[in-house]
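Shown below, as structure tokens, is a lone chain in the form predicted on its own; questions about how it binds or moves come after it.
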Amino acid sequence: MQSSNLSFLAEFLKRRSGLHLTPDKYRLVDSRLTRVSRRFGFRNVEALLAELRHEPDGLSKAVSEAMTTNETSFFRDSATFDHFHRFVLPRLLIARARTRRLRIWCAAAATGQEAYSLAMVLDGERRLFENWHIELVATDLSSEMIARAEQGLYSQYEIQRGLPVELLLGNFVQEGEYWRIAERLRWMVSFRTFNLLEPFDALEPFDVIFCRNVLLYFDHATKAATLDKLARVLAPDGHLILGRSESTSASSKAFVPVQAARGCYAKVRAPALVAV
């Protein structure tokens, strides 16, 4: 691929999705965009990129979504869910006792496994949250991923990745070779498309934000801007949960790490937190 096309694609992706296309990712370009080329009837990727310079909506959206990484699984990094269950939820149960309202956002939700994992945790504690209003919002840049997440239908391979057998039997219904999430869990989650580069002005405050393994694909400026926006929509005593290999320290002064809970952050104005 011509270097001029790679440069154009890198600038396009950064502007449209925040993705920082580094040289080690160039191998992905041909494999992912060849499928888009065929779908839109172009003879090759170079022809696709020539048309992309005019930025037609359908093609621009398809290219942005094709280059996005959508790796996910049920209860991915189980320690994160254990911490959410043992420490975050009990604390919020007390802090929100008056309003009985809890809002959780799964950003970059991909095909929905993270959101449904949280739904299973909340469903397991439904006695404690009786008569509460719980909003579990899951968003992703890709409309294709959101459509799949809304279906709640998973292959045997996807089910086997991180989902304990006891949770499978109680929360899924088998449909041939696939498994569908139980309706009571499906209706707990509100899915919609959302680009993290967009303004957050229309978002109401959240008590917990899961934004895992997303910021590592952004350059420093985009990561810093995103963290600042996340801080603005996180409740003063809320929790931001990133991937275990991610950190806010070099990009934002708005957060402080929660001790002994890797990947979990509180806002700096909140009291010091210690995981138990």
Ligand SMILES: C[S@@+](CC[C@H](N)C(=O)[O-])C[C@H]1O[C@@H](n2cnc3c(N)ncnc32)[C@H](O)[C@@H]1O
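Predicted, not measured: the structure shown is a model, and the values here were computed from it. For every residue, the number given is its place in the sequence shown, counted from 1.
The form predicted in complex with the ligand is left out here; the points below concern that form.
J.: Go through E130, E175, E71, E204 and name the one with a heavy atom inside 4.5 Å of the ligand in the model of the complex.
T.: Going through each option in turn, the one that passes is E71.
J.: If the cut-off is 4.5 angstroms on heavy atoms, which of these, F191, F194, F87, Y154, is the one near the ligand in the model of the complex?
T.: So the residue touching the ligand in the model of the complex, by this definition, is F194.
J.: Flag F42 as yes or no: does it have a non-hydrogen atom within 4.5 angstroms of any non-hydrogen atom of the ligand in the model of the complex?
T.: Close contact is absent here: in the model of the complex, F42 is far from the ligand, nothing within 4.5 Å, heavy atoms only.
J.: Taking the shortest heavy atom distance, is A108 within 4.5 Å of the ligand in the model of the complex?
T.: Although the ligand is absent here, A108 would touch it in the model of the complex, with heavy atoms inside 4.5 Å.
J.: Although the partner isn't part of this model, could you tell me whether S17 comes within 4.5 Å of the ligand in the model of the complex, counting any heavy atom of the residue?
T.: Yes, S17 lies within 4.5 Å of the ligand in the model of the complex.
J.: Look up in the model of the complex whether L234 has a non-hydrogen atom within 4.5 angstroms of the ligand, and give yes or no.
T.: No.
J.: Given that the partner is absent here, state which listed stretch (247 to 255, 211 to 219, 43 to 51, 28 to 36) has heavy atoms within 4.5 Å of the ligand in the model of the complex.
T.: Only one stretch qualifies here: 211 to 219.
J.: For the heavy atom contacts within 4.5 Å of the ligand in the model of the complex, list the residues of 26 to 49 involved, in sequence order.
T.: Contacts from 26 to 49: none.
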